[in-house]
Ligand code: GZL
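A single chain comes next, written as structure tokens; it is the form predicted alone.
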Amino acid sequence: MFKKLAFLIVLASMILTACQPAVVATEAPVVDAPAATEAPVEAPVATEAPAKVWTYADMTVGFLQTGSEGGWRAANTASFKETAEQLGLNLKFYDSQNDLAKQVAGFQQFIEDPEVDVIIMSPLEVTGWEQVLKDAAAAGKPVILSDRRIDGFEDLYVTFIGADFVEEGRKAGTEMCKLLEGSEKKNVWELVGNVGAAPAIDRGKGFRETAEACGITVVNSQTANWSVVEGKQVTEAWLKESKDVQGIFGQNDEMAFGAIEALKEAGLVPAVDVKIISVDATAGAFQAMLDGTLNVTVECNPLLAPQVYEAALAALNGETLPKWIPSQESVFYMVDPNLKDIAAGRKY
């Protein structure tokens, strides 16, 4: 009986064990350790090379001169050559020989010349520059105008350095009014520079603004191309037609000198019978005033090179300049008691 009971207990235990769900051994899930990360590397900041700082010694300047029409221009040329040597800059000089086509060709040569950094020009005429100015801009070569302006295209050149030609004409007109005050007649002849040049256009305009306001009549006006010889020839031709003239306005000294010679040969006394005013105030004009043959000369300063080279250097260094930098000028009189001392101090 006991054995039978023990058997039953063992059998029940086996049945209970068989009914339990099997326990499957599982491994703990493997969790990847976080990947080791390096500190972020910053991309190098792109830095521009410092801009070149130009000096006079670095510069090569291409200078287009008009020609050599008289003492003023000779002094102007000397100013550019002497100042370039003093500053230590390299100057390439081009004489346009008073020929517009040659000046344009010279401009193009400077654009194509790899040594030329900046172009300076005294333009023969106010028009004809659009294409070469655009070419210079495309080549990255700054352009500076010296002594004479052009029409328009201010965005294509850096600056103009020179006189106010209209104001020079106004000054001449004002002085002619003073000289002819009280005169019964006020007939004036005008000797004009080359047609199309800014000083010829502007001086004539300014002269009329003031001279005609006091009753002066410009009865003759003709180009004499800044020349002594042509100034004399034109005046001689007028004198053959009539000697009814009270004043002569020479737009530069040389043309006035020619008129003085023509008047003498015609039996008239310059500066007495016919009042004479010129523009430039060169040494020759001072001598004429000391001789008593020229009444007044209005200054047009030719010694522009220091101002022009300073502007050229500023342009190469990226500075912004005004579109016009005026030169300082005066008026000189035959009757000035200090005239001899003033003349002795002139550099041109």
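All figures in this text were calculated on a predicted structure; none of them were measured in a lab. One rule holds for the numbers: they count along the sequence shown, beginning at 1.
The form predicted in complex with beta-D-galactofuranose exists for this protein as well; it is not shown, and the discussion that follows is about that form.
Student: Honest question, do Trp72, Pro199 and Cys300 all end up within 4.5 Å of beta-D-galactofuranose in the predicted bound form by heavy atom distance?
Tutor: Yes.
Student: Heavy atom within 4.5 Å of beta-D-galactofuranose in the predicted bound form: which of Tyr157, Trp129, Phe165, Trp189 fits that? Just give me the one.
Tutor: By the 4.5 Å criterion, the partner-contacting residue is Phe165.
Student: Heavy atom within 4.5 Å of beta-D-galactofuranose in the predicted bound form: which of Lys275, Arg170, Arg148, Lys232 fits that? Just give me the one.
Tutor: For this set of options, the contacting one is Arg148.
Student: Sort through 252 to 260, 106 to 114, 80 to 88, 265 to 273 and report the only stretch with a non-hydrogen atom within 4.5 Å of beta-D-galactofuranose in the predicted bound form.
Tutor: Result for this chain: 252 to 260.
Student: Quick one: is Phe207 in contact with beta-D-galactofuranose in the predicted bound form, heavy atoms, 4.5 Å cut-off?
Tutor: Residue-level check for Phe207: no, no contact with beta-D-galactofuranose.
Student: Does anything in 201 to 216 come within 4.5 Å of beta-D-galactofuranose in the predicted bound form by heavy atoms, and if so which residues, in order?
Tutor: Stretch hits: a single one, Arg203.
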